[in-house]
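Below, in structure tokens: the form predicted alone, a single chain.
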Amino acid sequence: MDKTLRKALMEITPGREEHRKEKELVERVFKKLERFDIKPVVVGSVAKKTDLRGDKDIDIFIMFPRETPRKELEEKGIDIGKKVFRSLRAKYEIDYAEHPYVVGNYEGYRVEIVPCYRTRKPQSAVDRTPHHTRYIQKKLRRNNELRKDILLLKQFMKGTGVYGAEAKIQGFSGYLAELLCIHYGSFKKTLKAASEWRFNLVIDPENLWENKKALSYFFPDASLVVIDPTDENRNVAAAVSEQSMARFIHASRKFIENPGMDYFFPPERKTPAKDGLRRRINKRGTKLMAIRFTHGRINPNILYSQLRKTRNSIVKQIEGYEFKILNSDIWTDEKKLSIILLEFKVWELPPIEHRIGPPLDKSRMEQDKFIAKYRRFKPKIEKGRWVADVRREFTEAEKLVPKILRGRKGFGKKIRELKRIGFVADEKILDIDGREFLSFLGEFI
């Protein structure tokens, strides 16, 4: 294992030239910020020197006095960011977290200029980031060797597809990876611990909670709870989905059993041939359906979360008609096309549906309503309650889906507003263009 880790470190550790370029770039941005009445500070992995080689993200927070009104902070922050990137002749756009900020592309780097409050007690989620940076810096000053372990853990998570707290990944943020390495003491110890994790695990690095059992009630829906050392009421792992946690557990176990560079740098996926996909689709004997959404650019964080919301609503509505979904997933090129892919376990039903009504020892009013509603289907008593065999509205899933797409009930707001929504089924799915989609389809089936 040690040989593999040394080899991986050689690949992922930034060189002096890279750090020099980052420093010069930051200095240029700071120079542009001098004319504004704010305090700029570099945060994130660059400030902590826990950035991977080739990581082109630089986060600069511009700190306003805490008495600044929220609206003024947002408006001035956006205005300053725009002016800085214009003066640098760099392309930029507005992105959104808890509040809007400006992202620019400057000399190949993604540079974020984010407004926040200069305060000991955070007033927003964004305000915590400078505190996170100082906390990690303090820990690493005590044990500088941990930087290597953090780099290994970040690249391992990246290679296994669970690195990133954004909506696309729903995985481990850089700050979370740093906390885990510091908490367990090394990369190896983190993987050893993760290989034995259970869902709903609670980690409190600074022991800020006396009653650890209470945390399961405080964060009831979390797959993993890691208490923020700078804020006892925040779960740093809130973004980690059960799927991402499971993948990390599995990858940790497999790496310990048989270490290899593929965990850090997985081989490029080959695009499956359409003929092979066609054979696999036919062999499964299920029904595949791709719901297509054509759109302009939508912020990726918004897009992925709204696609998942829309997928969940569609699946719920389909199963409400007693069809059954075996698998479902989402895919998007993040530019103009998004897909909700459905695989049906049951896609055709008999024309008769068994409706179950109220029991005979309950409200007479409810019984009378049921009898009146289904009178033409001749309700009868079965196992102590009223039942009726009624004719189904839909016996084929393909005839139900257009109704759901017209109604758009429970769809994400941006998705609901789209004009071009349609679907294709079975082998026609292979007509959807794009190597990335075909690779996604290959993994799905």
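For the two forms, the rigid core is made up of the largest set of C-alpha atoms that agree within 1.5 Å on superposition. Only a predicted model underlies this, so the values are computations on that prediction, with no experimental measurement involved. For every residue, the number given is its place in the sequence shown, counted from 1.
Missing here is the form predicted in complex with another copy of the chain; even so, the following discussion is about that form.
Contact annotation: another copy of the chain lies within 4.5 Å of heavy atoms from the stretch 345-353 in the predicted bound form, the single such stretch among 105-113, 345-353, 154-162, 289-297. Proximity of E322 to another copy of the chain in the predicted bound form falls within the 4.5 Å heavy atom cutoff.
Within 4.5 Å of any heavy atom of another copy of the chain in the predicted bound form lies no heavy atom of E398. In the predicted bound form, another copy of the chain lies farther than 4.5 Å from every heavy atom of D275. A residue is said to contact a partner when one of its heavy atoms sits within 4.5 Å of a partner heavy atom; F64 fails this definition for another copy of the chain in the predicted bound form, lying far away. The contact residue chosen from K213, R284, R141, K121 relative to another copy of the chain in the predicted bound form is R284, the criterion being a non-hydrogen atom within 4.5 angstroms.
Checking F218, Y374, W197, W209 against another copy of the chain in the predicted bound form, a heavy atom within 4.5 Å turns up for just one residue: W197.
Annotation: in the predicted bound form, residues L326, L360 and K383 each come within 4.5 Å of another copy of the chain through at least one heavy atom.
Residues of 221-247 lying near another copy of the chain in the predicted bound form, listed in sequence order, are E242, Q243, A246, R247, the criterion being any heavy atom within 4.5 Å.
Taking 2 Å as the criterion, P359 counts as shifted between this form and the one not shown: its C-alpha moves by at least this amount when the rigid core is aligned. Superposition of the core reveals a Cα shift of 2 Å or more for V387 between this form and the one not shown.
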